[in-house]
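Given as structure tokens, the chain that follows is alone and in the form predicted on its own.
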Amino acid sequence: MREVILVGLNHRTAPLEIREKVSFHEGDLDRYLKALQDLPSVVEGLILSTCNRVEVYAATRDSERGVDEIKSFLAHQHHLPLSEFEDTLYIFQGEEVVRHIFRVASSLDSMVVGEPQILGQLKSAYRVAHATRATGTLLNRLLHRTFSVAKRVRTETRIGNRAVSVSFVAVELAKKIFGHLEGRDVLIIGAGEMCELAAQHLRRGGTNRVLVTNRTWERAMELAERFHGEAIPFTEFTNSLLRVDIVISSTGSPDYILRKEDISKIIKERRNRPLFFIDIAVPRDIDPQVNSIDNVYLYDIDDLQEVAEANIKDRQQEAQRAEEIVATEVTKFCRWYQSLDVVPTIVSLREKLEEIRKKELERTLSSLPRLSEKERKALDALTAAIVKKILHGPVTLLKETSQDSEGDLYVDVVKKLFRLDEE
């Protein structure tokens, strides 16, 4: 019987420099999957490669040999000595694999519990594996069940409800200040990854126009185009503070780019309309004394992180409920998996007895040439009924015990009693 195995590493077991070296480029996954299937003991395969984890799932004929082959596969494909990363690998088999992938898809094994990205990454990995026919009965069933479990966790718990990323926390705070984000304009000062991510969340939240300024004009233009916004020369960005409601700043400047006196003047010209600053620069871009101005709200990276950590605690409570769902679903899947060996045994048993019946019936009928067609059919029906009655007991027992701990024992007994392994 095939067994599912997993060889992998993640952010808990391996540092970034190791994860980078053994990661698989998404555009080449089909080529890697074909190489994986060429391994002698691998029947089905799937590769999940993200910034936080690299995992190879496989259905194998020989689990021990399969683990060794996948280790060598990882080393060979990345031109690395196995000794460089072997101690960072974890190895799961059977039920352990099922529990692990259910937890991964439900974001219980993520760096940030409850983040939704990993499910999309897993679905993408499965689409590639399925398209290249690297998956079969076992992994197809496992992945489909995995997606259902993840959906159930999302539906029945609040594990993803509270913002735990710095950029998303900023959006939630902006909503509290303004009530809603529809029609609000945003200014991005700087064009780094954190700024871009926060802007993406704000756009999804319903904000209106995005203005972008950067010391490098080409970069400002590029980001403005991405958000269908407007690029502003860096020397003129303070004038834009009159037009916007939310400011995200991350420039890498060694000193403040906005001071209290600057904002005091601007807030007067705005006639005290609220202005929300998100300062995610280190060192800070905006003078902390700005917070003392009426109708000005300033949050720096530490403020946002503090809110995020409080939300993480809430998610951890919901994670306990999610773990219970996973445990229940693991049991269900393992019952199905254990029943896989019963079906071919029942089929083999029926085929063997049917073969015996037909041979004996043919021999009997050849010695009774004077029987009418009606009598021949009656004998055929009689012998078929006898075989069906004989099969009823063993088949029922196999089905009933397929999900018990002793199910394999009954399968082995039936195989030996009827010499099915000799066929």
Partner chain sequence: MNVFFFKITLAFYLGGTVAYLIYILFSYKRAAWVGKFLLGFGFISHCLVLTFRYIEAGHPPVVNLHESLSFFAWAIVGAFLLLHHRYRVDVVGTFASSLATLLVIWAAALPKDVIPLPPSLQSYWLPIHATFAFAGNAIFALAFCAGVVYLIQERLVKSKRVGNLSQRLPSLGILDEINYRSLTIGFPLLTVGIVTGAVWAQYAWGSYWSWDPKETWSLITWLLYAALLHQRLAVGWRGKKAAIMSIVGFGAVLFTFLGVNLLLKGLHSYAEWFR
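Here the structure is a predicted model, which means the values were calculated and not measured. Here, rigid core means the biggest group of C-alpha atoms that superpose within 1.5 Å across both forms. Numbering follows the first chain given and starts at 1.
Although not depicted, the form predicted in complex with its partner chain is the subject of the following passage.
Taken together, the three residues Leu181, Leu202 and Gly205 lack any non-hydrogen atom within 4.5 angstroms of its partner chain in the predicted bound form.
With its partner chain left out of view, the stretch that reaches within 4.5 Å of it through heavy atoms in the predicted bound form is, among 186 to 194, 133 to 141, 256 to 264, 150 to 158, 150 to 158. Taking Ile293, Leu241, Leu108, Leu353 one by one, only a single residue has any non-hydrogen atom within 4.5 Å of its partner chain in the predicted bound form, and it is Ile293. Note on the partner interface in the predicted bound form: the residue among Ala129, Val326, Leu298, Val104 having a heavy atom within 4.5 angstroms of its partner chain is Leu298. In the predicted bound form, at least one heavy atom of Arg271 sits within 4.5 Å of its partner chain. Contact check for Ile232: every heavy atom lies farther than 4.5 Å from its partner chain in the predicted bound form. Put simply, Ile177 is close to its partner chain in the predicted bound form: some heavy atom of it is within 4.5 Å. The closest non-hydrogen atom of Leu173 lies within 4.5 Å of its partner chain in the predicted bound form. In a rigid-core overlay of the protein, Leu275 has its C-alpha displaced by at least 2 Å between the shown form and the other one. Once the cores line up, the CA of Asn295 ends up 2 angstroms or more apart between the shown form and the other one. The Cα shift for Lys71 between the shown form and the other one, taken after rigid core superposition, is smaller than 2 angstroms.
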